[in-house]
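Shown here is one chain on its own, the form predicted alone, set out as structure tokens.
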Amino acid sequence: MDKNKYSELVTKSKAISNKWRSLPAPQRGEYIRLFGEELRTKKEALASTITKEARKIKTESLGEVQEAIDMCDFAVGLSRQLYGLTMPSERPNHRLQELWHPLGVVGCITAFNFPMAVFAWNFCLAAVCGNSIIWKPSPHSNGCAIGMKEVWDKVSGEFADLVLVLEGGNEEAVALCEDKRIDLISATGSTQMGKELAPIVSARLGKLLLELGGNNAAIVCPSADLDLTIKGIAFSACGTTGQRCTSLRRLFVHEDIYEDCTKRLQKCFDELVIGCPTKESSQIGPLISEASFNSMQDTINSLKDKGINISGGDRIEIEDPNEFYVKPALVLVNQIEEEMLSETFAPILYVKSYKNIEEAIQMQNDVSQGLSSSIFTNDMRESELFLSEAGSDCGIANVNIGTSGAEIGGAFGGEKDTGGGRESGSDAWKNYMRRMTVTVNYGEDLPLAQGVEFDEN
């Protein structure tokens, strides 16, 4: 890494953030509106870039660009809603309130699997809140970053430097984390990545927003609509070739419907169309790399050594011999296996039966990650228990839909080893601002809080 070029990049970002923050928030929102309009005109081209680099099927790539567009729309509205509370003061003739101010420079580290959407989550909110952003994309998706940067440059005029792209790998990520000039590090990736970067930021008492891995589970209850359930499971487990942080990894099925459910699921997996992601008919593209394939095979071989029943998981030769297409693996287990407790970023679905809902919830929660979860049931008592404090311990909990496919309106993120961060909707914008508590005395006396007396004699 050229340290001089890196330092110049941060200096440029700091300078433009000071200029940008002086704009009223609704004016900042207008720039984001223009960005969203330009994204609409470039939707097909940007989606093609995603498919080329991330190897996602066309409909998912188009959906990702649409997610970026939706974030622009959300942020435009937010630019007029950066609300602070006003609280009653205990002292007469005093006003107590909170104000929200920009942080400055946001360092955004993103993964390959959502090379544009996660940037949009961060940039759209950070920008309307008054910040600049330095984006370090995955080395697998530099073209996606360049494409988004070109769109921003077209509409931003004098504020082009509000988005600066830092290409590279671990060295560049560490540089951002070590740099005191970076006011917030927002990092999306594996749990291991988060554990390596978090201490670096914490050592300088920096702000950190982590959205890390998930080992997500779904529960299928006796009352579930199995036609709907199987469809939800298939997309959650196999969509994006199992390379979403919200991908379904573990499935707990009530013993009364276990046999029927697994037979339907096997048939569904067998009928999934695996092929080149540029083809309209393809439902599953290749894994991102040989390393990802090898990781999947290591897990499968470990399970096979235990004599566990596995369907699929093998490589399929399709067109380019340098790409790694695989058949999704369905793993039927009689007990919780060690391999189930960690996330393999590939289409492997473990299926186990359960006797009662409490047991299923306990098994779902009994992993170190806490991102997404779901339950398929038409029993209100079961669904309400799942959503209660005694239910799912994840940041996302769904009823009668799968674990993946979150909308931008809700805050996205999870608990435990998932990092605790929240991106996208709801009040996630507060991550990109600093809170100031303000007390105004408009009276003639100086009463102290909590009844403290300090009179002059």
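A quick note: this is a predicted structure, and the numbers were derived from the prediction, not measured. Residues carry their position along the shown sequence, with the first being 1.
Just so you know, the form predicted in complex with a small molecule exists too; it's not on screen, but the next bit is about it.
Chemist: Does every residue of C221, Y354 and E382 put a non-hydrogen atom within 4.5 angstroms of the small molecule in the predicted bound form?
Modeler: None of them does, since no heavy atom lies within 4.5 Å of the partner.
Chemist: Would you classify N170 as touching the small molecule in the predicted bound form, given a 4.5 Å non-hydrogen atom cut-off?
Modeler: Heavy-atom contact with the small molecule at 4.5 Å: present for N170.
Chemist: Just to confirm, G214 within 4.5 Å of the small molecule in the predicted bound form by heavy atoms?
Modeler: Yes, G214 lies within 4.5 Å of the small molecule in the predicted bound form.
Chemist: In the predicted bound form, does G313 have a heavy atom within 4.5 Å of the small molecule?
Modeler: Outside the cut-off, so no.
Chemist: Is S374 close enough to the small molecule in the predicted bound form to count, meaning some heavy atom within 4.5 Å?
Modeler: It does not: once the small molecule is placed as it appears in the predicted bound form, S374 has no heavy atom within 4.5 Å of it.
Chemist: Within 4.5 Å, heavy atoms only, one stretch in 111 to 119, 314 to 322, 360 to 368, 267 to 275 touches the small molecule in the predicted bound form. Which?
Modeler: Looking at the partner contacts, the answer comes out as 111 to 119.
Chemist: Which of T229, S236, S156, S138 has a heavy atom within 4.5 Å of the small molecule in the predicted bound form?
Modeler: If I apply the 4.5 Å criterion carefully, the residue I get is S138.
Chemist: So which of I257, I308, M193, L164 reaches within 4.5 angstroms of the small molecule in the predicted bound form, heavy atom to heavy atom?
Modeler: By the 4.5 Å heavy-atom cutoff, the listed residue in contact is M193.
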